[in-house]
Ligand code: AMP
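Presented as structure tokens, the chain that follows is alone, the form predicted on its own.
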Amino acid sequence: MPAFQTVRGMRDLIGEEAQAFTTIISKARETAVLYGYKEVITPHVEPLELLSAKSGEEIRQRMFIFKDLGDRQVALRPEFTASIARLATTSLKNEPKPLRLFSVGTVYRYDEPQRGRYREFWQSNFELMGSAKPEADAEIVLLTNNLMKSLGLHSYAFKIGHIGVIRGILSQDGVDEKTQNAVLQRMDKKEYDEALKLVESEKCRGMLRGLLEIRGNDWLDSVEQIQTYVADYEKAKAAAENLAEVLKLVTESADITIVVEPAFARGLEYYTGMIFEIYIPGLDIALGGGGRYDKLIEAFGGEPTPAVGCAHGIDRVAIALQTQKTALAAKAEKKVAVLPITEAMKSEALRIAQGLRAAGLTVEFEVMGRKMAKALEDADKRKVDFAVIVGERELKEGSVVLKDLVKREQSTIPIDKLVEKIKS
């Protein structure tokens, strides 16, 4: 029988790769605590109707959809926000605002597998619900900046825009919402010619082409250009003014690299305001992104609730750290092997091992029944720091042999001094 392989687009995480993921997740949790976000855990499987309502055509086509045994249409979550919005309309609807919610786990999209794009991938997710103020948008950007910095990433930049600029132009020229969504989907994929073909008005097409030309390293100059350019479009101008307020708060609070792109769009249909993504040089995939979505909770049957959020791709952040050769600062744990010399010593050796673990030490107990020389050789291969050798003669005196496998030294140590000796 052939050996089983992982399903295409899924993967195993082993050793250092798994350690990198757990470290990134730990940093995301630390960030959540620093900013006052409460962790919630939601199901991997949700009603299809919930997940497809405002996700966008691109994601709807890439969801893992199936019928359960009750003949209900369900799907694996392609992102977290719909689930969090469901929570906000049910279990958390009476909670005081703002709601600050954090979640982390796997999400699923049937994409073509490639570097940084898998069918099962990990995200950390932050949602701030209840505030329409620009300081809420600024918090989500600053929070992302804090996480990237705490991981040791450098030279990253935020690409920022405002979906209200494009929608403001399209709305004023009478483009319906369905067509607007189709235009934004294509702009998200940088298929600008295809996007413009969907717009009938030559004036409107010209406005969108003009937006594509506005770029610059100075965010203030870019925003001023947008404000001047859309002066005759009331909603688009208000969106540009809102973007200026958000960016002023962000740049006055942190040293952060920002590139404003007025024609920037993201694949999810529910965005209504500021949107952003984060990139590093040499890696053409976003490490994370997010934005404002003021109508989603209302669309799911809740009270009108302004909201803003972001998600960070843990798989992609791990690749970015690898690209920049940034070593994650893992907690240095001293590893100890406990080795009984004879069968008769097993119970006493186990008791000693348990005592060391209770003191916070990482302990591997010899369970293979190997001879001492082989057991020590194996401990060396596993990069164990100390071997505790439990022998009958030393035990009678309340001691054990402690072998320092790094310094290649050994000594006889009283059992009650063992933890102190290893930790020192």
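Residue numbers here begin at 1 and follow the sequence given. None of the values given here were measured: they were computed from a predicted structure.
Although not depicted, the form predicted in complex with the named molecule is the subject of the following passage.
*Asks:* With a 4.5 Å heavy atom cut-off, would you call Arg117 a contact of the named molecule in the predicted complex?
*Replies:* Arg117: yes, in contact with the named molecule in the predicted complex.
*Asks:* Is Gly289 one of the residues lying within 4.5 Å of the named molecule in the predicted complex, judged by heavy atom distances?
*Replies:* Although the named molecule is absent here, Gly289 would touch it in the predicted complex, with heavy atoms inside 4.5 Å.
*Asks:* Would Asp111 count as touching the named molecule in the predicted complex under a 4.5 Å heavy atom rule?
*Replies:* Yes, contact at 4.5 Å.
*Asks:* Look up in the predicted complex whether Ala353 has a non-hydrogen atom within 4.5 angstroms of the named molecule, and give yes or no.
*Replies:* Result no; Ala353 lies far from the named molecule in the predicted complex.
*Asks:* Under a 4.5 angstroms heavy atom criterion, identify the one residue in Arg167, Arg316, Arg77, Arg86 near the named molecule in the predicted complex.
*Replies:* If I apply the 4.5 Å criterion carefully, the residue I get is Arg316.
*Asks:* Using heavy atoms only and a 4.5 Å cut-off, determine which of Leu296, Leu243, Val308, Leu268 is in contact with the named molecule in the predicted complex.
*Replies:* Filtering the options by heavy-atom distance leaves Leu268.
*Asks:* Among 171-179, 190-198, 233-241, 281-289, which stretch has residues whose heavy atoms lie within 4.5 Å of the named molecule in the predicted complex?
*Replies:* One stretch meets the cut-off, namely 281-289.
*Asks:* Quick one: name the residues from 118-136 with any non-hydrogen atom within 4.5 angstroms of the named molecule in the predicted complex.
*Replies:* Tyr118, Phe121, Gln123 sit within 4.5 Å of the partner.
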